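To begin, one chain is listed below as structure tokens, in the form predicted alone.
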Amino acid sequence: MNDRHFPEPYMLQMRELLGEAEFTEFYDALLQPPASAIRVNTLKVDVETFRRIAPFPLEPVPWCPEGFYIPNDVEPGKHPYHAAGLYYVQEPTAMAVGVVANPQPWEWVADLAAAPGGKSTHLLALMGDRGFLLANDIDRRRTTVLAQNLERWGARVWVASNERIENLHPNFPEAFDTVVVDAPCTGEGMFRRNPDVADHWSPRAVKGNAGRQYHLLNAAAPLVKPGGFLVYATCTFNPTENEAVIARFLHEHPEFTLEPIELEGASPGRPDWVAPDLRGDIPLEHCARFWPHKVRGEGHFIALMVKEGYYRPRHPLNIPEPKRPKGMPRAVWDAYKTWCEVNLTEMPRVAGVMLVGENLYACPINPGRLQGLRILRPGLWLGQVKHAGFIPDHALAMWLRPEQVKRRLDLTVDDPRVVAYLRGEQLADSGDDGWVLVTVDGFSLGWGKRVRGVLKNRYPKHLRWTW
């Protein structure tokens, strides 16, 4: 890396903010390779078990118990454990956002700029797949990638939406225990990882992003319940997009106050980088900053705010025995029920089974709360009902535990049939005809359908390996 990747005004800005000595440390860090890391999916495997079976060396990320640095020369996205959803490839400082949000089981959480899914998958794991997560992104294309990552994660209690934040207000007024706004920014903290981002940097871009970031926070505020939390994050160093946005928001929203963030490796916010008339007496040092010359990771900024009011905790919900939802055609329900009886050890206990066109979903909340919104996934995609028969979706395979399925093809990670399956090939497999769950080392990979000794591959075409 060299100076041509960094606009001169940006370099002058950082030198002025940090001072000559620290700027030298900062710049030297940018010349080093970025750190690679993964975060373990604790919905599927506990951390200690994963450490025993991990296919590459692991080194703990200090601020995230589920996070681990991995060697830069490995390709974690090309391992069967990734296809099984055992981990998410994530920048190490980005993991801090979920740690700060710290959602609890049964809470309602909104991730309002959720794509591609790193923070949403982390939030779901911390929730223990109990409660409700609204994963929203305004970009339809990115929302599709978000849904794919959430399905691989094997969680049930999420809905993927594609809405402007303001449009969520009527459906979810003061509804969420925690709201996360990982705001789009100039990406100064990612210049080392993605130098092309620097080509779009300019003082004008900084100013424009700050305006949009304030707008996003302002739109998010009405969704937070009394006593709930609002988390703001960026991957930029710029105080105009960080402390100044928080100061402006808190001046205009006195119902919110900053909470201190204490994370190993994090530096405090910089109130001295904000004009005195804007910062006032707001304790901006409560915010957290990650610097590449102080930790193994990229640049990140996080603020944690709490909304005034009495916090009403949520209580665990009992999911009743499965029964046909009111208004669902009996033929549809019977097709789904019959498939479950034939292929599963018991009918899954999922709330809110609903029919959208030919598709069956398990919605984690009252489906009426989603009315009028642009919804890509209203819950766990169970499958499709076609010609009076039920066809299970890949998302159902990733959510089910192998012991819940009557017919399985259990493979070890070094079995060449694992790669063959992930490439979409058919496999020889003796046994009774019917739907088969393919697993790797006891973790679900996807469906196959056995017909006269041949396992017809039902791994989704858009996910198949091409290497």
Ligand code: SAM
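One rule holds for the numbers: they count along the sequence shown, beginning at 1. Since the model is a prediction, treat every value here as computed from it, not as a measurement.
The next section is about a form of this same protein that is not shown, the form predicted together with ligand SAM.
- The stretch from 105 to 113, 152 to 160, 330 to 338, 376 to 384 that comes within 4.5 Å of ligand SAM in the model of the complex, counting heavy atoms only, is 105 to 113.
- At a distance threshold of 4.5 angstroms between non-hydrogen atoms, residue 165 is in contact with ligand SAM in the model of the complex.
- In the model of the complex, no heavy atom of residue 220 sits within 4.5 Å of ligand SAM.
- A residue is said to contact a partner when one of its heavy atoms sits within 4.5 Å of a partner heavy atom; residue 216 meets this definition for ligand SAM in the model of the complex.
- For the chain shown alone, residue 137 is a contact residue for ligand SAM in the model of the complex, at least one non-hydrogen atom being within 4.5 angstroms.
- Only one of the listed residues (226, 184, 348, 208) places a non-hydrogen atom within 4.5 angstroms of ligand SAM in the model of the complex, and that residue is 184.
- Of the residues given (131, 80, 271, 118), 118 alone sits with a heavy atom within 4.5 Å of ligand SAM in the model of the complex.
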